[in-house]
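Take a look at the structure tokens below, where one protein chain is shown in two forms, each on its own, as structure 1 and structure 2.
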Structure 1
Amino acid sequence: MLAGMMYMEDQRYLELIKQRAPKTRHLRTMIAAFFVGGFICCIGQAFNDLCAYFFPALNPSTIKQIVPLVLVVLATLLTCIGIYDKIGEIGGAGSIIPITGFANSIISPAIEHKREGIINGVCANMFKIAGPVLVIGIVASVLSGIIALVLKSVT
């Protein structure tokens, strides 16, 4: 009976797993993501407004560059003191998708690999998670630039 049952894709068993597996708490995680994500964005807006209030001389485009900077520093601090992973456990996508999540995905492998040295550990692993994001993002930006060029020459 057991012969020939070692290596096979047993569809019936995979179906059974689906039935028995605990269900993802969709509603709870979605609400958490909504509130955590919304809150982080509000922090960004607050920095934006504070900058505009205290430094009226700054033009809006400079402020727009300062806000992500501040959020990156904030996320770095929270990652370093071990709080961001706890926010992530609650917020899920709400803490991954804001720019703070991007920073967390760079800082966390950096400090994880401190023990393997600065060059081979910290620097080599810093973009382990965010590297693909940057590669695809920059390639896509070049493509969109070329699209803009083509459209311009057509019109």
Structure 2
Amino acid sequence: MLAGMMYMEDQRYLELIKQRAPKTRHLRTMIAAFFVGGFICCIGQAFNDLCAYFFPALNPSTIKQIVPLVLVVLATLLTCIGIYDKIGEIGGAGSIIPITGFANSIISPAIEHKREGIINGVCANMFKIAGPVLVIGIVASVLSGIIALVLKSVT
């Protein structure tokens, strides 16, 4: 009996939320994410091309290692001065999916807790958001490597 009442209250609560929640403009959100994410990727490609043009002695694989580093540093600086959060409000997933979003997810909690000190504030909270992503990524890469090794040895 009690479980049935809880279910009815949950249903009414969900209906109330649905009525009061602001309507999402899906098309506008997708277009903004597309253009913001595309712009971030264009910045990376432009930096790649500029490095190849101005530093022809650099190996292309070296340039491909430098470009993500520059994008991470740029995103970190933009996060520190509060601009990247505004970009995220406009672009949504378009600002989160590129590597710049990963840099933002690492630095944001660190900035938020900097008043607690270097060790207990910045270092302890730096990987609060990005930590699970790193763990899942590492575990997935190890598992896929093991699967590839097993499949290679079987064939």
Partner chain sequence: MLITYLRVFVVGGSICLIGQVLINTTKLTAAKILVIFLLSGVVLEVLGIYQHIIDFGHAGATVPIVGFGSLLAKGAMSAASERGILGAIAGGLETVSVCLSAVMVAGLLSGLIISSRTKK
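Take the two forms, superpose them, and find the largest set of C-alpha atoms that agree within 1.5 Å; that set is the rigid core. Residues are numbered by position in structure 1's sequence, first residue being 1. Note that the coordinates shown come from a computational prediction; the quantities given were computed from them, not determined experimentally.
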Worksheet item: Looking at both forms of the chain, which one is the form predicted alone?
Response: 2
Discussion item. If the two forms are fitted on the core, does residue 132 show a Cα displacement reaching 2 angstroms between structures 1 and 2?
Written reply: no
Worksheet item: 2 Å or more on the CA of residue 18 between structures 1 and 2, with the rigid core superposed, yes or no?
Response: yes
